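Next up, structure tokens for two forms of one chain, structure 1 and then structure 2.
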Structure 1
């Protein structure tokens, strides 16, 4: 039964692996610089590591937005978000898993008469706007640096090919780690307060927390998505929509990975806070939108060619439509689940925010909160 309830999140995980791995290895595989097998193995390993080691930060912010306190509710939220992504993709509408999950959580808040933490919501929405801009800035900067380095090193075409291949795998590994760390919150974040797994201690060496087990399961679902379906998406990315040279792809993936990591790393956030610098909210962001931001960043550096303002408009419209649709679907689905199937989708007597924070804080990885 637990697995059935988790299936909503696992499906989201599968779809994330199928689609978003292409944001990391798409051009490398599409242009045949890296074999799909290599890309899939590296992506899977590092997504799992990122999710289990650094996945807690972004999940914490989602938890603050809405602490779903019944596994039935978490199931509906995850499934509704997955359905929104699936349905909007089929209608060729711009969609992001992160935005669908946020909308679905707010939908649950409305249904369960829970007060939405508007501070967290505002923080999350501002990152949707800010993250592609940051990716564009990083990409522009990295592009200039890399171009200068290439001019300085005077690499032959043959050597450039070898180094680019190696760099694409290394940067891809970092990208996969950052994707796992940042986006596991979308997949399993809503299940954190209701995680059914008991803590596992292995001798006195280390303990695997309930949340880490949950994230591990989610990451496995992402990896299955990578192996089963992402090849098709990668081939499309590499040969169609946005055509990039392997060197530009390297810049795009590095910029995207850095932004994903910035919005997921608790250590970096703590470092900024300890130095009295403005901290970065740990929020799951859309890797697809980061890629578009990075490509635009390179476009601006190259003289503003190839910038499609229509695409930018579409992304901005997605910031509004995706959460609204997801919230609506979740609300309707929760209604049916509660009244037709008599499933407990929320607990009546609760102090949601406190409950959620307590559960998250009980995990060793989050003790510092």
Structure 2
């Protein structure tokens, strides 16, 4: 029964691999600098490493948005988000898994009469706007720097081709690690409060936590999605918005990877806080939005003549409708799961207790007493 409920998250992981995870190698494959099989293998390995080693940070923000307190509800939320992403993927649109998950969580909040943390929601939505802009800025800056370096080095065409292919694989590995660390929260974050796995200790060597086991399963599902269904989306991202040279493709992957890493690194956040600097929120951001932002950044540097605005508008429409569709599907699915199949999708006592705590905390006399 536990595996059945977790299948919603595994399906979501597969959908993320088929859609979002493809973006780390989409431009490389789209420009035919890296073979799809090579890209899929490298991406799979480093996604798993990133998820297990550094995946806990971004899941905290999703937990604050809506702490799903029943495994049946977590199953419906993950399945609804996965279905939304899968449907968009069939339309060859690089939609945001992050947006689908957030929309699904908000749908659960409405159904369970749970208060949505609008501060967390605003933080997440602001990253949807800010992260692609940041990726565009990074890409524009990196493009100018790389162009200057190539002019200084005066490499032969053969050497330039070899170095670019190697760099695309290395940067893609970094991007895959960052993607696993950032986006695994989308796949298994809703199951963290109700994780069914006990902690595993292997002697005195190391301990595998319940959350790490969840994230490992989710990362495997992402990897399967990369292998089985990501090629079509890679073509859309790699050549559908702006025609890229191999060197431009390298810039896109690097810019995207840096932004993913910024929003997933707990070490960087702690460093900034320790030096009294503004911290970067640990939020699962969309690799689809980042790669499109990076591609547009290069397109603007090149004069904007090659930007396919029709394709861009189609992609943007998917970003707008994804959270709304996911929220609606989740609400309807929760209704049927609760009333038709008699599955517990939320715990009313938990909600009541939390409301009571909020009332007590908001009453100074009771706190003093």
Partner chain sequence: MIFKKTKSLEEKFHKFLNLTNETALVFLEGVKCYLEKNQEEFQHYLTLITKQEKEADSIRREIETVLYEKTLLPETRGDIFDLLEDLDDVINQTEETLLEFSIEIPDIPEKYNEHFLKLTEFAVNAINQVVKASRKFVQEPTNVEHNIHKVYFWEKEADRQSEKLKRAVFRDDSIEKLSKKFHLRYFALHIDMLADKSEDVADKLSIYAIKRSI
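The term rigid core refers to the most C-alpha atoms you can superpose between the two forms while keeping them within 1.5 Å. Positions refer to the first chain, counted from 1. Keep in mind it's a predicted model, so treat the numbers as computed, not measured.
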Chain form predicted alone: structure number out of two: 2
Residue 339: Cα shift of 2 Å or greater between the two structures (core-aligned): no
Residue 61 C-alpha shift between the two structures of 2 Å or more, rigid core reference: no
Core fit, then residue 29 C-alpha moves 2 Å or more between the two structures: yes
Per-residue Cα shift, residue 321, between the two structures [Å; core superposed]: 2.5
